[in-house]
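So this first bit is one chain, no partners, the form predicted on its own, shown in structure tokens.
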Amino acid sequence: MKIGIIGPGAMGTFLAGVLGKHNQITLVGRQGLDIERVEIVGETELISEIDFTTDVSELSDTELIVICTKAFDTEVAVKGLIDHLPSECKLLSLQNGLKNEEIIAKYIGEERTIGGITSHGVTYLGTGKVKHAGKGETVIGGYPNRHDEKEIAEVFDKAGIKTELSDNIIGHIWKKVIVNVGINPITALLGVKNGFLLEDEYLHCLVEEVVDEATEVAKGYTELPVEDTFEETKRVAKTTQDNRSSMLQDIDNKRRTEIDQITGAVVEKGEESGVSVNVNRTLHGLVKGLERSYL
């Protein structure tokens, strides 16, 4: 399959590498980078040859485009693509946050929009090189309702990314957001790996409070695919225990974080629905303050 991947960060580079084993991959970034191959170390060890470009017109014959940009860049990325997409090409979001699929569908229609989540732990090591720190689930489904994504799931499965199809992708997106609000802000503020949250009793309780708030908010918008979101958050933290969360990686590199699209989105939805989100609001403010100290 001819696949375009937008965003050469940690997840985009990882997907380009694993999917590049059996597919024709074009990785797209905004800056000219010297990437002719992708190297993955850690849980997965491989080197894949890929094409890299800054020119989205080179995607004019692709069958699938995977959006891996930061959530605050989704609209800019999609607006840049719409004049170059083949009529049958679908867009799959594998990003953080709540509104990516909504933005994509606004420009290309729901019938070509696929939502997705992935919990693989990936750390960016440098241009074209990432560390696969831990395996996780990957789920995709048409937005807001399932279409025919079977072929895409098979492509991912063949590449070693076990992928589940869902009729409730909005629920899965909320589930990932809940896990992210429990892990990302706290690890980013403390500078610790995901597994540390399970080792300290005070942090363990804090994660539970954050997750409980977000879960109550989510119940007003969708049916969640898990009964116990705190247990799910602990499971993800354990399977990615050696990983530095994407938000921590952003803080480390003095980049803008996705705190507004993750914790900020939960706070916004909570205020709209009258659900208390005091702990999440505090974490949002702390990360924003830290972010603004260097931006």
Ligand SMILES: NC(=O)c1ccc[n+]([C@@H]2O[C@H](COP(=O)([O-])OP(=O)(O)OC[C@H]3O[C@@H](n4cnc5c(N)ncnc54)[C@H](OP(=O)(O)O)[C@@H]3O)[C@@H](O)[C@H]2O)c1
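Keep in mind the model is a prediction, meaning the values are calculated, not measured. All residue numbers are counted from 1 along the displayed sequence.
There is another form of this protein, the form predicted in complex with the named molecule, and it is not shown here; the text below is about that form.
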{"query": "Heavy atom contact within 4.5 Å of the named molecule in the predicted bound form, the stretch among 153-161, 215-223, 185-193, 114-122", "finding": "114-122"}
{"query": "The unique member of 71, 206, 103, 108 whose heavy atoms fall within 4.5 Å of the named molecule in the predicted bound form", "finding": "71"}
{"query": "Answer option from 28, 66, 38, 265, heavy atom within 4.5 Å of the named molecule in the predicted bound form", "finding": "28"}
{"query": "The named molecule contact at residue 176 in the predicted bound form, heavy atom, 4.5 Å", "finding": "yes"}
{"query": "In the predicted bound form, residue 138 touching the named molecule (heavy atom, 4.5 Å)", "finding": "no"}
{"query": "Exercise: residue 283 in contact with the named molecule in the predicted bound form, heavy atom 4.5 Å", "finding": "no"}
{"query": "Contact of residue 3 with the named molecule in the predicted bound form (heavy atom, 4.5 Å)", "finding": "no"}
{"query": "Within 4.5 Å of the named molecule in the predicted bound form: residues from 255-276 (heavy atom criterion)", "finding": "258"}
